[in-house]
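Quick setup: one chain, the form predicted on its own, written in structure tokens, and binding and motion questions come after.
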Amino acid sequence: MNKTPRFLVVGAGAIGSFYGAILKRAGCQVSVVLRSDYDAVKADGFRFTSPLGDLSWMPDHVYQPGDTPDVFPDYVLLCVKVLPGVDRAALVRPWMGEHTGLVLIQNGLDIERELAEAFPAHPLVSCLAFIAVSRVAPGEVKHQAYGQLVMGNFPKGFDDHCQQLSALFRDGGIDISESEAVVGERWRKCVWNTPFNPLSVLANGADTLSILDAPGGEDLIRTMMEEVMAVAEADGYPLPADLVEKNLAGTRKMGAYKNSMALDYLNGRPIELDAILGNVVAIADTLKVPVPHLRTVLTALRIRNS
């Protein structure tokens, strides 16, 4: 725990490459596993535009799926999309040494459990990224705003691994919020993600301002946020009463932003529908919380996807 740890990023798209860049700035060894962008990153590394300055970086090693690590990392950062049919445990298993810790930087609710069950002897740190960042071309990333991570152990706590990781991310230039109850923080993030991401797809990839400024758009977003808050409270994670209005104000402040689900839709990629919306509705059903607007959007997207 006293040496600078080695990191491996599995899923080095916009999110993974950004936090890899932050760890690189903190002086860490950072390698990546890539599929589609392998050739571009192998040749030129990651190229960034960012309000934080030049975040461009060259990984220490660039692997493809099926490769084996030169040395097992101290931590694997898992940053892939949470999609049906994707075995995330299988993705990280080849890179997990006896003492490797697993760090999730992923969207969604109730996404840690399958990994905790697959790797019960390994530290599991769950992170939520509050960031506007997009991959614009192979190996090219546009960081638009923010970058804060909320971090904690799953299902609860904040151990020595979290302490070390938070210090490194801060050294790299971003804010870290330490949480003893990271599941509650996932609910907090769902208040934004659960309305904006699915609606962006129904609106053919619309950006956040287009959604808010459409007739009735802001009212619909507000109502969906309030439904998420009601489910969170029933699940034992009450959230601040002013969170909806703070989210709306913050969204307007960051400008027109195409979220990750909008970009996936526009590029013909699968969307994280269950992780971001379906799981919220499923928990609402279990707890008997009415969520008519969330359910309507979920049903409409399932019809569209079929």
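Definition used throughout: the rigid core is the maximal C-alpha set that superposes within 1.5 Å between two forms. The first residue of the sequence shown is number 1, and the count goes up from there. Everything quoted here is computed from the prediction, not taken from an experiment.
Just so you know, the form predicted in complex with a further copy of the same chain exists too; it's not on screen, but the next bit is about it.
- Remark: of stretches 208 to 216, 161 to 169, 97 to 105, 185 to 193, the one touching a further copy of the same chain in the predicted complex is 208 to 216 (heavy atom within 4.5 Å).
- Residue-level contacts in the predicted complex: of A203, A145, L83, A118, one residue has a heavy atom within 4.5 Å of a further copy of the same chain, and it is A203.
- Proximity of L199 to a further copy of the same chain in the predicted complex: non-hydrogen atoms within 4.5 Å are present.
- In the predicted complex, a further copy of the same chain lies farther than 4.5 Å from every heavy atom of F46.
- In the predicted complex, a further copy of the same chain sits beyond 4.5 Å of every heavy atom of V289.
- Contact annotation for I176: none of its heavy atoms lies within 4.5 Å of a further copy of the same chain in the predicted complex.
- Of all the residues from 286 to 306, those having a non-hydrogen atom no more than 4.5 Å from a further copy of the same chain in the predicted complex are P292, H293, T296, V297, T299, A300, R302, I303, R304, S306.
- Relative to the superposed core, A145 undergoes a C-alpha shift smaller than 2 Å between this form and the one not shown.
- Superposed on the core, the two forms barely differ at A14: its CA moves less than 2 Å between this form and the one not shown.
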